[in-house]
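The data below hold one chain only, encoded as structure tokens and taken in the form predicted alone.
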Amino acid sequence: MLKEERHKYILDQVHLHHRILLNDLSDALNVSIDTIRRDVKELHHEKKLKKVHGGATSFGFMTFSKDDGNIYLQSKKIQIAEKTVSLLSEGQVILMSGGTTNMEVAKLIPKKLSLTVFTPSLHVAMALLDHKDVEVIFLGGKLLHDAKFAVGGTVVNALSQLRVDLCILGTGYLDANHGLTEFDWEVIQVKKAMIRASKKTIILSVSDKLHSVQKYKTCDLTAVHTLVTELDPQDPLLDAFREFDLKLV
């Protein structure tokens, strides 16, 4: 594979997942870790991504705002957000995780819809403040510098006191056999607690993330009630998910 092709793959992956690991890129591209390290260093110097210990992050992962017009696959994420907002109803108490798709959901919540939203995402909490009829409760804890996402025992303990109507989870990696997975162990613990604290769980995923797997499991699909993608629910790309008691939207 040419260097230009490797660089394109790396940038596609970092924009899709926001953060990637060097080892995963080495395995996927079947090249040495040193080659990947050099590629990432070059892309870092070109200001196309940010090199971090063991991997890389997208700049949007650290700095995106509710007004950002440069979100990767934004049109797909807006479609997902539109579908998700249609599932909300007056007076619900919900949990929302972070990520660019949940940011689109936050932007599209109808201005007169009264909700209570708990979130460990500083980005999502700030976006929701634009809605005067939404009561926003930030679940504070140790804040991850890149993701602006609160983790740790304080957050997990607070979640153990809740029983909300709905949990809306952004997706890192999603596969029919392996369920919802991530590579950050602390984020996993918070997402597990969010699922336990909710009567129903909705996961949001662009189709580009389907059939992808990471090291640590958040949950099996048996714990999920609804999967929202930008696809038509009858799309063949979703066939692997039909064996589950799962609503496809």
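Quick note: we count residues from 1 along the sequence shown, nothing fancier. Between two forms, the rigid core is the largest collection of C-alphas that superpose within 1.5 Å. Please read all numbers here as calculations on a predicted model, not as lab measurements.
What comes next is about the form predicted in complex with the DNA, which does not appear here.
Listed residues T181, Q189, T57, T35 were compared with the DNA in the predicted complex; T35 is the one with a heavy atom within 4.5 Å. When the DNA is considered in the predicted complex, only one residue from K200, K215, K209, K51 comes within 4.5 Å through any heavy atom, namely K51. Each of K3, L22 and K41 is positioned with at least one heavy atom within 4.5 Å of the DNA in the predicted complex.
Within 4.5 Å of any heavy atom of the DNA in the predicted complex lies no heavy atom of I195. Of the heavy atoms in V31, some are within 4.5 Å of the DNA in the predicted complex. Looking at 181-189, 201-209, 23-31, 218-226, the stretch with residues near the DNA in the predicted complex, meaning non-hydrogen atoms within 4.5 angstroms, turns out to be 23-31. Taking 2 Å as the criterion, V52 counts as shifted between the shown form and the other one: its C-alpha moves by at least this amount when the rigid core is aligned.
With a cut-off of 2 Å and the rigid core superposed, L221 has a Cα displacement that falls short of the cut-off between the shown form and the other one. Once both forms are fitted on their core, a CA shift of 2 Å or more is seen for I10 between the shown form and the other one.
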